[in-house]
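Just the one chain here, the form predicted alone, laid out as structure tokens.
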Amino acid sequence: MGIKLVARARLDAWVDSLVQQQTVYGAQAKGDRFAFDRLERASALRLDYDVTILPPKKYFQPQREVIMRFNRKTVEFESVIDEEPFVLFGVHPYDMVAISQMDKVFTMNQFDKHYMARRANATIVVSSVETASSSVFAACMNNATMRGKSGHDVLITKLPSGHYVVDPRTEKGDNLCEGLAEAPEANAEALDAREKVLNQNEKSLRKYELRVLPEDLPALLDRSRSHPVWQEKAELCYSCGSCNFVCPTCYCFDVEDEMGWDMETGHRVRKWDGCMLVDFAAVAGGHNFRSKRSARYSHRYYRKGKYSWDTYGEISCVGCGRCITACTANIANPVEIFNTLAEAPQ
């Protein structure tokens, strides 16, 4: 299927038809904030949202998920795999980049069948950003648009005219867009208008200006281990983990077995965990190898700007700005920290 030019009324009719056929999650207003949730009708879909409270990674790695059921008496064990197909509608480019990174993480060493079952059954519609949030710096991280990027199935972009360019990019995307088969093809004028929107996003999605290139961050961090900023900021840290839990590229988890009242049956649960929490690095014997707040604080930035690069060749800060908003101590801005390190004499 070709690239389509679609009026909002037709787009809404298409979304309503999708909702009737399958599970669709989309960004919706929650008071004065936005969150991805089950979509019941197209009128609730907010493609003009700035940023969601939690990233859409929650549909691939849920905050809490049962991964196994067991029976001690009969010695039976059963993996729980969620294979329900769903559509994730209106993902911003920076969150799509994060999902693609998580695809690497969950297949790199040990293939995670729980994550990958959900990923394989998802169809992702990326929406070019219409409203820049107050903390976004995705353009500084080269994640303001989907130029040169993959992983998504459809890209939609709102033009100044109010029409949408709907661009299916995979076989899944073609299948999803069958309901738009009769819509007109996007002409050269519409595609030029889309390019102008993307160019504008490269300028507007930088509420903070990073003074170094993303690819220079590993070397910068490598020479900054003794910088005083780690201790200075850590003194204000609550160790609440908010920055971890809103981050689209944080994937750490804890696993617990929960027993039923009969003490024979139960299930194994996987839950989000975070490196900023006090007991995250606690091990047997009462030892905690990151017991100091400064160690936990610096680890977060090294994880985003160096360790991920060393492991799979990408900077795992995508510039969404959620950590900046979530941190009540006002110490979680990656741009501020990286710029401070860059100003230090070499």
Partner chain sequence: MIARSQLASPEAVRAEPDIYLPSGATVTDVKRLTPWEKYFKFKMDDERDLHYMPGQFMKVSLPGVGECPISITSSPTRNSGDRLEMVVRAVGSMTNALHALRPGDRVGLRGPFGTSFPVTGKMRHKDLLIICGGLGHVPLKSVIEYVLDERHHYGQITILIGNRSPNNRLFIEQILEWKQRDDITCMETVDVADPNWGGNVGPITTLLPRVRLFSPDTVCIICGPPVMYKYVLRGLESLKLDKSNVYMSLERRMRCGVGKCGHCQINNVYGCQQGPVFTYKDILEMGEAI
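Numbering follows the first chain given and starts at 1. Predicted, not measured: the structure shown is a model, and the values here were computed from it. Take the two forms, superpose them, and find the largest set of C-alpha atoms that agree within 1.5 Å; that set is the rigid core.
What comes next is about the form predicted in complex with the partner chain, which is not displayed.
- Here the chain stands alone, but in the model of the complex its contact with the partner chain, taken as any heavy atom within 4.5 Å, falls in 247-255 among 173-181, 126-134, 247-255, 186-194.
- Although the partner is absent here, A120 is a contact residue: one of its heavy atoms lies within 4.5 angstroms of the partner chain in the model of the complex.
- Mapping the unseen interface onto this chain, T311 counts among the residues with a heavy atom inside 4.5 Å of the partner chain in the model of the complex.
- Remark: R46 does not count among the residues lining the partner chain in the model of the complex, judged by a heavy atom distance of 4.5 Å or less.
- In the model of the complex, R169 stays away from the partner chain, with no heavy atom inside 4.5 Å.
- Of the residues given (V212, V165, V105, L220), V105 alone sits with a heavy atom within 4.5 Å of the partner chain in the model of the complex.
- Of all the residues from 210-231, the single one having a non-hydrogen atom no more than 4.5 Å from the partner chain in the model of the complex is R225.
- After superposition on the rigid core, the Cα of E209 moves by less than 2 Å between this form and the one not shown.
- Superposed on the core, the two forms barely differ at D103: its CA moves less than 2 Å between this form and the one not shown.
- Superposition of the core reveals a Cα shift of less than 2 Å for D174 between this form and the one not shown.
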